[in-house]
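Next up: a single chain in structure tokens, the form predicted on its own.
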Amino acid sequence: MHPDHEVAVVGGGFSGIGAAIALTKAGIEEFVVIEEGDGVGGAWHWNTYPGVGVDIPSFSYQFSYEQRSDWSRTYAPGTELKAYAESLVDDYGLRPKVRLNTRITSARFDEEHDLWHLATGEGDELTARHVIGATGVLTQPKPPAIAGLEDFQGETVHTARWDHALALAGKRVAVIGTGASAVQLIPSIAPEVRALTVFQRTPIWCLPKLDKPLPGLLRSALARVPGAKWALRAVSQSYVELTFPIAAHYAGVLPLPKAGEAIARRHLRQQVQDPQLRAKLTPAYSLGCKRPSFSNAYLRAFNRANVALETTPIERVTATGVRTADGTEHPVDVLVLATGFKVFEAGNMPPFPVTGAGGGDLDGFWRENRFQAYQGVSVPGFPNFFSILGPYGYNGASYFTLIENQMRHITRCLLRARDQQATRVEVTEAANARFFDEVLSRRGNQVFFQGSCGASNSYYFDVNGDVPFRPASTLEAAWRSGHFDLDDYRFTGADRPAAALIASETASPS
């Protein structure tokens, strides 16, 4: 049975775009990129709330082989990231390979023919020899579990699905949540609203942001001076590496989180005048337990007369506002849910059921065996299925570095399969177990298991108390993606001669 595509890439964000570029460079041309939305860009297509932007320097938040010289700021706004995604699709001729407005509802492995059946929301089906999951993790908005939410008679919007027809000027607005999206949104809307009440369950560590407009002279130098982009990228990469991968995964050796906390406390003192307000905004957990933020405007916004911080727990949402546990009714015209995304909930990694060999369910596998994947890419029992952001794949650096590393891993597997005329590629249980044991053995040095994280309400932790970040430096992850032993995978032909099956499909290797 000849599949519709050699490779199906599910997701049209930067992971999917990076996967498509890597496949093209490897000479694998028979692929399709399937995207639920009506445009590419993933997070930067869906997230368009006021103030949205990248939270690591732009020089790192891009592919190493496609470095822009015209970012407007050190930290690019969301519109520029969206434009970058579109330009990549056009520059690499990917537009004909992208299938928009198509939601995958299930994936089932066909053991007889060594291929995947992908069902769509439109009721049709497509087949692929291999599937690359590129849907990311922070993709499905997570509404808060608050009673009465459906009773609210005003306007409700989630930051991840912003309604640009929504007028906030002169209105009473409530923001539920103080995570990364709220940190960007709150100072952006505070000047225009009549009153803004921020409902905080857990404060966030906020550090100063080295965000500056990039002058034309610098951008011109980046475009014209040989090596300038690489030099600036090296500085940016070092900063990113120091502030998360090194700080988080080597906390038992280097006390960087404590130094970061001192910087954050000083930043808070400089930004907020009221000592009681500062106390409410000071986390009771260690820096690194949950995603920190970088902003020069968030904390300062609470000095405004029209902005109030509410830390009393919410009892319920009413028809006209929000009632807190002390009985206070907060009248609201617009309710903004800055409550983040589903992460380790069932049906999110990826956001559709995956049925592997022998009828095994991927969610069920993780529920029974804990989240795990060989180098964050492959899971035993799910042949020909690869993930870019699987458990223990991401180490906290730039997602673009992750995408390049994971696609180096995946293309090595696909090219070996071609070379051996194999129709089935599956990581061995021994290799997966060895990698899982290794990442668990390193957790003693990670900040998540060093500090006091109990009060953090962090989405980093799954139901087992694990934090499926890869406990490794970026250099280590990059090296291993290109040097892992390919014999950690089995390359077979569904119990039949692989060459005969390939020959029956096509005379072309693609």
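Source: prediction; values computed, not measured. So that there is no doubt, residue numbering starts at 1 and follows the sequence shown.
Omitted from view is the form predicted together with a small molecule, to which the following refers.
Note that among 242 to 250, 300 to 308, 137 to 145, 122 to 130, the stretch whose heavy atoms approach the small molecule to within 4.5 Å in the predicted complex is 137 to 145.
Interface residue remark: Gly53 is counted as part of the site for the small molecule in the predicted complex, having a heavy atom within 4.5 Å.
With a 4.5 Å cutoff on heavy atoms, Asn395 does not count as touching the small molecule in the predicted complex; it lies far away. Remark: Tyr49 counts among the residues lining the small molecule in the predicted complex, judged by a heavy atom distance of 4.5 Å or less. Of the heavy atoms in Gln375, none are within 4.5 Å of the small molecule in the predicted complex.
Listed residues Leu115, Leu287, Leu362, Ala338 were compared with the small molecule in the predicted complex; Ala338 is the one with a heavy atom within 4.5 Å. Screening Thr401, Asn384, Gln184, Ser387 for any heavy atom within 4.5 Å of the small molecule in the predicted complex leaves a single hit, Gln184.
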